[in-house]
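Below sits a lone chain in structure tokens, taken as the form predicted alone.
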């Protein structure tokens, strides 16, 4: 089956049903836990914390949304593309705000890729052809445990048959020696940076033939290694995103100058299984990847979910497949508790505990199918282990139908 534990969407996971006990093969710790424990901590349909039947809960959702003057829909990075389409349709009909985790994650990078400002590629091509592999501000050893073994440093590819000892060159850029950085020994280089922009400038200077102010010998060596191949890749994580301090122009300049010497591609390294799917879907409809207002027909920082909360611009939040109460700062979490909260989620979490209405759904990939987009934009068709009667698609479709009745 396809594992939806993270954005790699590994397609080689095997499930063995041993007298009701599930044994999971080929999955990482996160994926194995998701699949083996899928029955645990399941949410119930509730209204104000009291268990009700599904019909009562959905009717209450209709009342709340129809009476809402300022609705925000948030989350959706763990549900199928089919369900995301319906959520966007609901936002459009209600002239609502819509946003996902990519606002404070890697959405900016995805948008640059979709706008053709950064050249990108697929993980399969990386496995087959990449020589110099950057992990910049990311630690896949923990966050995407099978990334290096399936696609980058360790596997043998079509053109890379001699393994990491000879056929790959690893570059890790981070503020500390992470577990990924500890692998950067033979045929590799670790840059421990205090400021990402300083290292970016060092690469720009070296590519312009000027002596870099920091890491001069190492920067020149990495460029020399990159010139040995016509296929190199940079994987950027949250460390890079926040290390740039919003100054994407310098990063784009570095990528452009690197591509004047050789071929260099970029892939954002996020964790949510279908964040890329939501970003591409919303971009195709609106021209933006997140924090969008269908009333104002634009995207801006003011429309990010956390800003809407903090500025008290919304009276209702429909939260799908995420747990903002677990991740938001306390000041924001207090604001969430003051408004109407509807949660669609398979499991109990911090946000379900304060929700006005909870609608339990199926775990995408395990109990329902559909499509998702892998971290590199490749579309994957899910083959669930079982088929649940109620899933995100059926729930959001029911809400849409009820909303239309009220118009």
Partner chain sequence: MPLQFSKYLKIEVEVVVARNSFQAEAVDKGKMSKKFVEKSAVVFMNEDFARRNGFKEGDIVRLSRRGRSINVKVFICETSPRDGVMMPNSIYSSYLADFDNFKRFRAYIELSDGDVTKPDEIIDQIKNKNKK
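Quick caveat, the model's predicted, so the values are computed rather than measured. Residue numbers count along the first chain shown, from 1.
What follows is about the form predicted in complex with its partner chain, which we do not show.
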Counting only non-hydrogen atoms and a 4.5 Å threshold, tell me whether 80, 115 and 293 all contact its partner chain in the predicted complex. no
Tell me, out of 327, 262, 187, 121, which residue has a non-hydrogen atom within 4.5 angstroms of its partner chain in the predicted complex. 327
Answer option from 300, 177, 162, 213, heavy atom within 4.5 Å of its partner chain in the predicted complex: 177
Heavy atoms within 4.5 Å of its partner chain in the predicted complex: does residue 40 have any? yes
Looking at the partner-bound form in the predicted complex, is residue 371 within 4.5 Å of its partner chain by any heavy atom? no
Under a 4.5 Å heavy atom criterion, is residue 203 part of the interface with its partner chain in the predicted complex? no
If you check in the predicted complex, is residue 306 within 4.5 Å of its partner chain, heavy atoms only? yes
If contact means a heavy atom within 4.5 Å, which one of 219-227, 251-259, 80-88, 329-337 is the stretch that engages its partner chain in the predicted complex? 329-337
Neighbours of its partner chain in the predicted complex among 234-256 [non-hydrogen atom within 4.5 angstroms]: 238, 242
